[in-house]
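Before any questions on binding or motion, here is one chain by itself as structure tokens, the form predicted on its own.
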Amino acid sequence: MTDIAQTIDAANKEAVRRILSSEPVLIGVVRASEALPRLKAGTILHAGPPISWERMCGPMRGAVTGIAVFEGWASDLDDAERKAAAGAFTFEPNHHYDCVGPMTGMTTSSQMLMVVQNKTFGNLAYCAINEGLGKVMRFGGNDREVLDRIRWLTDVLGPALDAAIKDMGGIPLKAVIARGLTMGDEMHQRNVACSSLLLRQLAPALARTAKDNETLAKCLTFIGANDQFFLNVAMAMGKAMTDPARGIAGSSMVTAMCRNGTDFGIRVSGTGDQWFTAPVEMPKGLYFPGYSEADANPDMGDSAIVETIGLGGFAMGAAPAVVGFIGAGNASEAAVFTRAMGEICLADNPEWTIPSMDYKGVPTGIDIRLVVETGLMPTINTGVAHKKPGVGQVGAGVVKAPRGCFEQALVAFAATMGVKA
């Protein structure tokens, strides 16, 4: 083995070690302005790599105008659109603030953010509370119903969850994921089991700490009716687990994958916080009644952070039910996706295993070298947003990461190793 190969191998072992040794714990829910002092009024964090208003897709623009009205930075949606076009708002990626957000990924100063701490390394990661499915801001929704729901999440559910989680002393998450995998979840498009497991833990603490029975009933009802409630927890967990693996010289492991509806972006450990981008792909999947691929927007969201830690499309072998839901084939083919993703990863996670695959650990640690060498692109489970602002979710599917960003990353990575690509 050459000196360069030995260096890369040692660096990748360290990067994988940091992910696998992580101990993520949900420790509370906090207002963004308190958690993120750099996040000022007028700054809107979004999913994916950096993007300007001019290049934003329809649902991203819809979410921007909606959150501007929610924050009181605009009188109505038209006013918000004018101000956005005039440069009144600053746009930055969630990833630049230790955050992640599903689909459009709006994060602003007044919102409540769930906080996950990686107890092994001490770092924190944040994600807003999941709104549910359908006409919601993460899919570009922005009408009064959408804004009223976000106000309720901010004023009622967020503080109630914070009190309950602190009453419990935090909720360790690795065991929840491990059990969810045995119950048919993959933690991206199917979170039914983990959402239920989380609610089962939260319910007694909510009952002890809720201000009144009506508040308690509304909180329990909302979580119980939201099969995707755990998604945002899993995303913050993924961010908390991957951040300690950033910046390891010589490591070719991916530390972030995300998309903004226009570009797909990745970060690689050995190249630090540099973004490598390529045009995002269109999801392939199933559509709600009355909608088709003609209505769909290209893929969006920071939620691919869960694939980065071996869940989502990488763990479909654990979730045959989700394969039909997202139009990815027959349930019997679920394991095919997991085996394929194993070809581009550095390790299996021995704590997160899939019973139907003889307790194989989920593939973990995407290696850009293997992606380019094999031509196997990371598979991501995803929701599908309408291409027009304000409509919301129209389906679900799978999408492949574009090859271009991995090729760019490999060239840049080779340069850090003194190799001309």
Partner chain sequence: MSVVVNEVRRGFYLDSVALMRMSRGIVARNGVEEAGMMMGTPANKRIMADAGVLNATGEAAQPGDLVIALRACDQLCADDAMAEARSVLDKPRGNSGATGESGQWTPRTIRAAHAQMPDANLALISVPGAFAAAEGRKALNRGINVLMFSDNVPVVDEVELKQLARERGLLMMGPDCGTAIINGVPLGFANVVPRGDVGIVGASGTGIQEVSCLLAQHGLGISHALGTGGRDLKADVGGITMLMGIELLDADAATRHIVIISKPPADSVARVVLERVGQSVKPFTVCFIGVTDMAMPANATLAPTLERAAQLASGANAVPDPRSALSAKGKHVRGLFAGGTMCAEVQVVFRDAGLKCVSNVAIPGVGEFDGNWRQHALIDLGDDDYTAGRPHPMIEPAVRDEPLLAALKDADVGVVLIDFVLGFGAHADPAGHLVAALGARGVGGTVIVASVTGTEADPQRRSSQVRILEAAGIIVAPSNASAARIAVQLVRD
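Numbering follows the first chain given and starts at 1. Fair warning: this is a prediction, and the values are worked out from it, not measured in the lab.
Missing here is the form predicted together with its partner chain; even so, the following discussion is about that form.
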- prompt: Picking from 35-43, 357-365, 48-56, 391-399, which part of the chain touches its partner chain in the model of the complex when contact means heavy atoms within 4.5 Å?
  reply: 357-365
field: Answer option from H96, R144, R151, R339, heavy atom within 4.5 Å of its partner chain in the model of the complex
entry: R339
- prompt: Taking its partner chain in the model of the complex as the reference, which of M168, A178, M282, L216 has a non-hydrogen atom within 4.5 Å?
  reply: A178
- request: Considering only heavy atoms, tell me if E131 and its partner chain come within 4.5 Å of each other in the model of the complex.
  value: no
message: Whether S75 contacts its partner chain in the model of the complex should be assessed with a 4.5 Å heavy atom distance threshold; does it?
response: no
query: Hey, in the model of the complex, is I248 touching its partner chain, heavy atoms inside 4.5 Å?
result: no
task: Determine whether any heavy atom of L161 comes within 4.5 Å of a heavy atom of its partner chain in the model of the complex, and answer yes or no.
output: no
message: At 4.5 Å, heavy atom to heavy atom, what parts of 342-366 sit next to its partner chain in the model of the complex? List them in sequence order, or say none.
response: G342, E343, C345, L346, D348, P350, E351, T353, M357, D358, Y359, K360, G361
